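The chain below stands alone, shown as structure tokens; this is the form predicted alone.
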């Protein structure tokens, strides 16, 4: 039985990771400010500290607990929002990482797993990226994610903390926040389709993403916990690209009613499209994606339709 700090357990990935740990008998503490997460998402049995992980005052509430690992999944996750409030983005994503690394150092915690992002690559030509590809961030969000990795590298080399950054590509699936229309392409389009029967697309229909189902994202976190030393980072990706038009078609095919689509101008810092080679994480951590996008979206669409019907009392 282990003891873990999982930040962001009121959110999509954090909640799923915390639930898996609780179900296998571990104890979990979380920090979450509920800005985009939901209190009811926090699994039963998790000790909840409400507040920003980027606040020293909130970090002090941990009271020197020694965890087997810190799994840092909290932080705002929208490139668009990072342009609206870059200081908040820096605090939630980068300052929080630095404070938690410092906490790990002071409390003899030797493992740190971080929710990195494919956004650090920016746009690439060719669009298939490996961990050796250049990093050319297009948003403040991406800059903060990359900066966090740099801090982790130093804490690994200077203080002996095993630090792993998982460069998540586009995570989607059952349990995603359908009320947040500024983060998560698949969830945004699905929410619009289910609620309004109309999808408004910001940007070109030829853009594409590499979609990773939530269960696969969680299993990558579990794999990262097995690393023994140093700093490293990994693409959590499928090596498959799905165009915007395909995403919309798959969503619409799974709904019992017709949906219209409107295209408008794009958003600042939006990537046109990259997809990730996952050879490194397959070889070194034994991880590979198990759920194809069509299957995952079918599960997610069924869940969203049932949820909407329940909300409307149907």
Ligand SMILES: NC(=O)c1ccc[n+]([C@@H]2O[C@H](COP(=O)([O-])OP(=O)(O)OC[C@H]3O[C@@H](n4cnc5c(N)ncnc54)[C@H](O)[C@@H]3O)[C@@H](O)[C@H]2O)c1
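Residue numbers count along the first chain shown, from 1. Bear in mind the structure is a predicted one, so any value in this text is a computation, not a measurement.
Not pictured, yet referred to below: the form predicted together with the named molecule.
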Listed residue (113, 74, 190, 152) with a non-hydrogen atom within 4.5 angstroms of the named molecule in the predicted bound form: 74
The listed residue (53, 28, 247, 281) that reaches within 4.5 Å of the named molecule in the predicted bound form by any heavy atom is 53
Heavy atoms within 4.5 Å of the named molecule in the predicted bound form: which stretch among 5-13, 302-310, 20-28, 286-294? 5-13
Indicate whether residue 121 is a 4.5 Å heavy atom neighbour of the named molecule in the predicted bound form. no
If we define contact as a non-hydrogen atom of the residue within 4.5 angstroms of the partner, is residue 130 a contact of the named molecule in the predicted bound form? no
Hey, in the predicted bound form, does residue 83 get a heavy atom within 4.5 angstroms of the named molecule? no
So in the predicted bound form, is the named molecule close enough to residue 107 to count as touching (4.5 Å, heavy atoms)? no
Restricting to 11-40, the residues within 4.5 Å of the named molecule in the predicted bound form through any heavy atom are 11, 12, 13, 14, 31, 32, 33, 34, 35, 36, 37
